[in-house]
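Take a look at this one chain, the form predicted alone, written out in C-alpha cells.
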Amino acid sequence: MNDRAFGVDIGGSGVKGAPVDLSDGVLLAERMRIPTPTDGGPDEVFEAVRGVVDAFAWDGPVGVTVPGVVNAGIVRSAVNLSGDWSSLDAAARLEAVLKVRVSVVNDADAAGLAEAAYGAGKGIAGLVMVLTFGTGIGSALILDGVLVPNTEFGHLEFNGMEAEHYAAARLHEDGPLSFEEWANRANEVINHFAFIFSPDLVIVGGGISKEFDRLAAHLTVPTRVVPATLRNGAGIVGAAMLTRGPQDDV
C-alpha cells in the first residue's frame, strides 16, 4: 500500500495542505497555506484548494476537510463559509476541479481521526472528545477508535448563545477578549461538554493548541485534558487518511 497521501484543510481563515506519510502521520513537506477567500464561496475556495495541491505537483487522490456537516461528500451546512455550500456535492465539484479522486470530511472529524490514529488519542479505550478552537469550535467523538461523525458541539447553546460565539479562539485572536478572559470561557464550555458526554479524555486542538500550557492554568475540568499532538496539522493528516477509504481501513 502506498503510504503517501495528500490532505487539504479548509478553514475559516486559511486553506492549508501538504503530502502526508500515513505510516506515521507526519507531513512530508512544510504545509502550503492560502488565505480563505473573503466571501467563502465554493468556486473561490476550490481554486484555493487547487493552488495548494498544484504547489506540490500532486496528481493522486486528495482528502479535503470542510468546516461543516458532511455526508457522503455532500456538505449539509458550513456556517463559517457562504450559504452557497448548503447541499453542495463538494466531492464531485472538487474532482472536476482537481481531476483526481477526492474524499470530503468534516474538519473536526478529520482532526479527531488523526489524533486517534497517531496522536494524543492513540490506544485510548472508551470515549475520546476532540475540541478544536479556532474561527469556531469544532468537535469529534471517537468511541473505542470509531468516529461518531458530524457532532458539531460548537453550535450547542451555552449561556444564551452558540458555544462557539461564546468561546471560539478568534474572540481572543481577532476580537475583544484577553487570553485570560477567553481561557476562562473555554474552561466553562469544556466543563459543560464534559458534564454532558462524560468522555474519558478531552483533546484540545486547533491553532490554540500551541498555547495549551497557558490554557491549562485556567482549566478546572475533572476529565483529563491534553493538547493535540499533531497540533494544527491534524486536519491535514485526517483528510489524507480518508483517501485510503473507510475509517475501518485506516
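Residues carry their position along the shown sequence, with the first being 1. This structure is a prediction, so every number in the text was calculated from the model and none was measured.
Absent from the display: the form predicted in complex with beta-D-glucopyranose (BGC). The rest refers to it.
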item: Heavy atom within 4.5 Å of beta-D-glucopyranose (BGC) in the predicted complex - residue from Leu127, Val100, Leu177, Val79; value: Val79
item: Residue (of Leu94, Val104, Ile137, Ala116) lying close to beta-D-glucopyranose (BGC) in the predicted complex, criterion heavy atoms within 4.5 Å; value: Ile137
item: Location of beta-D-glucopyranose (BGC) contact in the predicted complex, chosen stretch of 41-49, 60-68, 217-225, 189-197 [non-hydrogen atom, 4.5 Å]; value: 60-68
item: Every residue of Ala108, Glu152 and His155 near beta-D-glucopyranose (BGC) in the predicted complex, heavy atom within 4.5 Å; value: yes
